[in-house]
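Consider the single chain below, provided in structure tokens and representing the form predicted on its own.
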């Protein structure tokens, strides 16, 4: 029905961030929907199928086409289902995506690292004096709240700051929480993004783990993990298990008076809405509330923000399949941020943070890129800002 619903109006062409960098009909939703319809009815020849696959994977599944579509075709869901159907039919994903998915299936994390290293960020941060107290493991203490750091903040040295600052902010607010540490699984949402047929079974295994462990509330600092655990697990993880993004929870803590930004942060910033947090889950207000609560901080919106936020290109496996397109997309977003006159661009997603940093490099921009935790830390407890964390972690590695 969704394939038949396309009015071929071309509105998706005007808004698609990938089409803006590579204007081919097969890239935009109208082109992909037309090809899907022909696959179901008459079929495609070899060259046409090749072009369709190029377009299907040169897409971050950001959902912008869904927002602007006059009949609101659920395009990003359709692309994920199409990818899965093709894999089941024997047409595999791009090679770099296959390597990434293999790491998740075999190592339970996308970095192919030993799971024993997953919680080391917390131990390092405690020894370096960056936390108020040690972060406890769930198997030793079942707290009311589980902090789910995710693969990127756990393993990527450039993004472990997010995990440390998230934990510190929860401690500053007096939240009683634990982490799974080496028992924390990959959320497996990337399997769904790239069409791996094993996603449903993987999600069920992880949901069973949460239920067996007696976990009732999960706080997630990764927008991708949030979409996975909150949206993709719908119908798999019972509604009795509450999944909140960190910005939702921090906003609540600030409004309830449990976390109070007090120090002045005199900066002009602009805010980047992650697709998985904004368009896919309608979380727009809470991150902005946090920024508005920081004394001295001035928020200037980009011309495309909220539901119309320009994707940085990091989602849907696009970075793996077409890194050159992702770089162009992130560069376009950085140019929009520069138009505001802001000193920095802030986002609550470490994956977007990495993507936007690619954009600043591609454009030789002087714009700074920060995770939203960095802004809040500077106002609440600046001794745990990014510079202090990086210095402490570097000294630990060299020592």
Partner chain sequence: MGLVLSVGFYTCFLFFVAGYLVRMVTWAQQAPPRVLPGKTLTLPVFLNALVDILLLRRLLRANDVLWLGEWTFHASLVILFLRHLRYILEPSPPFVYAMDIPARVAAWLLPASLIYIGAMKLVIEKKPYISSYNFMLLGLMMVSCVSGLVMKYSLPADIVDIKHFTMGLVTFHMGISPESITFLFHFVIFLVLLVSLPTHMFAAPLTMIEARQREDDLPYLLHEK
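Residue numbers count along the first chain shown, from 1. Just so you know, these numbers come straight off a predicted model, no measurement behind them.
Omitted here: the form predicted in complex with the partner chain. The next part is about that form.
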(request) Taking 4.5 Å between heavy atoms as the contact cutoff, choose which of 323, 197, 307, 144 touches the partner chain in the predicted bound form. (result) 307
(request) Answer with one of 368, 335, 66, 38: the residue that has a non-hydrogen atom within 4.5 Å of the partner chain in the predicted bound form. (result) 66
(request) Assess the spot marked by 319, 328 and 362: is the partner chain within 4.5 Å of a heavy atom from every one of these residues in the predicted bound form? (result) no
(message) I need the one stretch from 215-223, 161-169, 279-287, 309-317 whose residues put non-hydrogen atoms within 4.5 angstroms of the partner chain in the predicted bound form.
(response) 279-287
(message) Although the partner isn't part of this model, could you tell me whether residue 263 comes within 4.5 Å of the partner chain in the predicted bound form, counting any heavy atom of the residue?
(response) no
(request) Considering only heavy atoms, tell me if residue 88 and the partner chain come within 4.5 Å of each other in the predicted bound form. (result) no
(message) I'd like to check something about residue 208: if you look in the predicted bound form, is any of its heavy atoms closer than or equal to 4.5 Å to a heavy atom of the partner chain?
(response) no
(request) Spell out, yes or no, whether the shortest heavy atom distance between residue 14 and the partner chain in the predicted bound form is within 4.5 Å. (result) yes
(message) Where, within 6-20, is there a heavy atom within 4.5 Å of the partner chain in the predicted bound form? Residue list please.
(response) 6, 7, 8, 9, 10, 11, 13, 14, 15, 19
